[in-house]
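Just one chain is shown here, as structure tokens, and it is the form predicted alone.
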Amino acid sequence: MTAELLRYIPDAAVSLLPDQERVKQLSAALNSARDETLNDIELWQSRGPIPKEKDPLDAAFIQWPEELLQDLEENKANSLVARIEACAARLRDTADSVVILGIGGSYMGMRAMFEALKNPYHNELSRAQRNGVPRIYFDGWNVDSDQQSALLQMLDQRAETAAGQSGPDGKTAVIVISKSGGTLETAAAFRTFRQLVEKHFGAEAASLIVPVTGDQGKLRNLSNAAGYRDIFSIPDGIGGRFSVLTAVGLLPAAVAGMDIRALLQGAADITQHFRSAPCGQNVVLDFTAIGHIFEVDHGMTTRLLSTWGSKLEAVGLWYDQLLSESLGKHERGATPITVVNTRDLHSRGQQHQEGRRDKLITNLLPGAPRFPAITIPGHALDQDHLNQLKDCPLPRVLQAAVDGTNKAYADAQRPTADILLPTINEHTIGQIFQMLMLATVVEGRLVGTNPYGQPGVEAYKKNMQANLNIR
């Protein structure tokens, strides 16, 4: 596949950038961090002892997209990608609603893909308008009785209305994602949604419930006992927040009608670029360098990912988790915040413009729209004076806002940078996922923080279970 790679451009507050000697020193450190990141793959594959400072080591995500594409080429219908696609096609044919159960890295990547790549009103369209793709719902990511109850009641009513009919109408499938099966939010939700599917569809539940889990653990044991038709494994060596391009994200994406081969190819293209491109031309290393420089040299410990338009907000929320859990350790690590513009220019923009100088703002720009651009119509009543913008396309208005905002920040010596997506499609979404995962690991190696593992998250889980007397 030939497709343009995303670009990264630091584009304002140039006077704050370091001198050439600082850049030279950092380039050497970045190259060393890149080498360490890539060498971690060999260390993990060796299955030998892991040094204490690198335990856990979840580096397998780096080459995973390339391995899946190679497996597809060599094994075709027997490859993991083909088996995921076959299961997804079966679920599309047999269910009109699919509930995805997971929390954190077990659902945030898929939610980011769904919001970026699907019609924002997907679930309100008819099945024909959805091209046979089921309605997609997310649960198991919180403990909210009212929200879960509302979804269960709606799915129960649909099943009752369609009772006795053939075909997918009224049928609900469930994809439950948990490596261990011990995460309480997801496990509790699975109990309730499994009960709904078993109540209405009986023996067919074994085909309508698809777990994505580790090779060992509570959910694997339950799945084996229940005899579910399809069970997909979460690979060893890939942690939850790095798992979006495993079956964790690929199976729901395929059910939603996305091109998972293009997702993988986008990620593989970035990995190859990361290996070979020098500093100054390498989007992963350059993104890491700018964040590091502004944090260390200027005390800018808040990183704003400013998503433009509405489709990329969930990508930012996925990145919030990635950066927070990876580098927020030992009383260190930048704080990520996602904003959506132009919406948040009318709320947070004032603080970004004139508040504390602790923020690096990175614009995530969507590129060309996927659908024909809306233009501003003329009208005989012109009291709003918009006839002067008659026939102006909305993407031009958005770009004017981007440029105007960047200039306002530059005039106030507020640093910004741009991540430019050629457009929003599976290939570019695969790129942005892999770019941000690689950059996070490189930064961890650069500053001496193990980017893998999340011991702080495990503490709340243990306390929560103790409060419920769970053993």
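Quantities reported herein were computed from a predicted structural model and do not represent experimental measurements. Residue indices: 1-based, along the sequence shown.
Missing here is the form predicted in complex with 5-phosphoarabinonic acid; even so, the following discussion is about that form.
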Heavy atom contact within 4.5 Å of 5-phosphoarabinonic acid in the predicted complex, the stretch among 235-243, 201-209, 152-160, 390-398: 235-243
Residue contact check: Q454 to 5-phosphoarabinonic acid in the predicted complex, 4.5 Å heavy atom: yes
Any non-hydrogen atom of E325 within 4.5 angstroms of 5-phosphoarabinonic acid in the predicted complex: yes
Close approach of V340 to 5-phosphoarabinonic acid in the predicted complex, 4.5 Å, heavy atom: no
In the predicted complex, S178 touching 5-phosphoarabinonic acid (heavy atom, 4.5 Å): yes
In the predicted complex, the one of T183, T362, T302, S223 near 5-phosphoarabinonic acid [non-hydrogen atom within 4.5 angstroms]: T183
In the predicted complex, the one of I103, L80, L345, C279 near 5-phosphoarabinonic acid [non-hydrogen atom within 4.5 angstroms]: I103
Partner contacts in the predicted complex for 422-440 (non-hydrogen atom within 4.5 angstroms of 5-phosphoarabinonic acid): none
